[in-house]
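Only one chain is given next, in structure tokens, and it is the form predicted alone.
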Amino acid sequence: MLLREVEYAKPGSVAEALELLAANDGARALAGGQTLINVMKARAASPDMLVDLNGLDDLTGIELAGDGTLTIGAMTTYTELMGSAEAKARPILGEVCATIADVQVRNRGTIGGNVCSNDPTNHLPPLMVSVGARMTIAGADGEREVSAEEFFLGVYLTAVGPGELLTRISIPAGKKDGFAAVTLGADGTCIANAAATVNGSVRVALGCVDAVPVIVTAESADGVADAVRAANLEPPSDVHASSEYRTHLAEVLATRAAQEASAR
């Protein structure tokens, strides 16, 4: 299906992009477009204006600080993250990005677009929660920072409000991470997934079982399955999996992710 007529704006700066978004109630930021353009074609979303963020240097780049903190521009693509020498300080990031969709999507899709869409079947929201990411949001009143745990508010809903943009993501130092998923085919979206980080205890973020990633903790990988059962999950059923099957997958995948993280 073809797109309906829509106004297009190409700002020259983040400040100009914020002005356009604030001045037009029907404006939407265009990052990689891998989700937005498709939902527009399906008439599931009908913005009046697309504000194209491509080419804004302030939203790109990957920097590694002396303390091991990674700062990733929101417009960084999956492919750029996969090939970044700096990002190898936190290897799980590139490893998970390499499993998202196909080469064409990875070349266009952005880190910021993935987390801001907050589709419960996406790979990155639970990973951001697991690794303790901090999200920087810019608006008319300046910048504010929220934790990944506070960032994801509901299905397709995040802490990025009207007239605001996610500009960058900061991830603390660490290497003991794991990720496990069951997907629809080799390149499909997730039926269930889990990201785990070991830093003394094990922290697991479960995806596809609720509107936002669900956090469980355990003293070791051996206790993760019990922690998942204690969470009393009630995931949705759909054509791909029943609630009971997703609950089972959450337990299995959380254990696998925790074991992977512990073995690093």
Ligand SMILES: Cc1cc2nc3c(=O)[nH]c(=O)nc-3n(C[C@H](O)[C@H](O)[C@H](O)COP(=O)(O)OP(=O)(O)OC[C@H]3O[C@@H](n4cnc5c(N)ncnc54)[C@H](O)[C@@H]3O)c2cc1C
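Owing to the predicted nature of the structure, the values given are computational and were not obtained by experimental measurement. Position 1 is the first residue in the sequence shown; the rest follow in order.
What comes next is about the form predicted in complex with this ligand, which does not appear here.
- Of 91, 188, 83, 132, which one comes within 4.5 Å of this ligand in the predicted complex, counting heavy atoms only? Contact with this ligand in the predicted complex is made by 188 alone.
- Item | Contacting member of 208, 53, 70, 216, with respect to this ligand in the predicted complex [4.5 Å, heavy atom] | Result of the distance check: 53.
- Exercise: residue 202 in contact with this ligand in the predicted complex, heavy atom 4.5 Å: No - in the predicted complex, heavy atoms of residue 202 and this ligand never come within 4.5 Å of each other.
- Do residue 60 and this ligand share at least one heavy atom pair within 4.5 Å in the predicted complex? No, residue 60 stays farther than 4.5 Å from this ligand in the predicted complex.
- Though only this chain appears here, would residue 152 touch this ligand in the predicted complex if you measure heavy atom gaps against 4.5 Å? No, residue 152 is distant from the partner.
- Should residue 171 be counted as a contact of this ligand in the predicted complex, where contact means heavy atoms within 4.5 Å? Answer no; every heavy atom of residue 171 is more than 4.5 Å from this ligand in the predicted complex.
- Item | this ligand in the predicted complex: contacted by all of 181, 242 and 249, heavy atom 4.5 Å | Per the other structure, none of 181, 242 and 249 touch this ligand.
- Looking at 194 to 202, 31 to 39, 61 to 69, 230 to 238, which lies within 4.5 angstroms of this ligand in the predicted complex, counting heavy atoms? The contacting stretch is 31 to 39.
- Message: For the stretch 159 to 174, I need every residue with any heavy atom inside 4.5 Å of this ligand in the predicted complex, listed N to C.
- Response: Residues within 4.5 Å: 160, 164, 165, 166.
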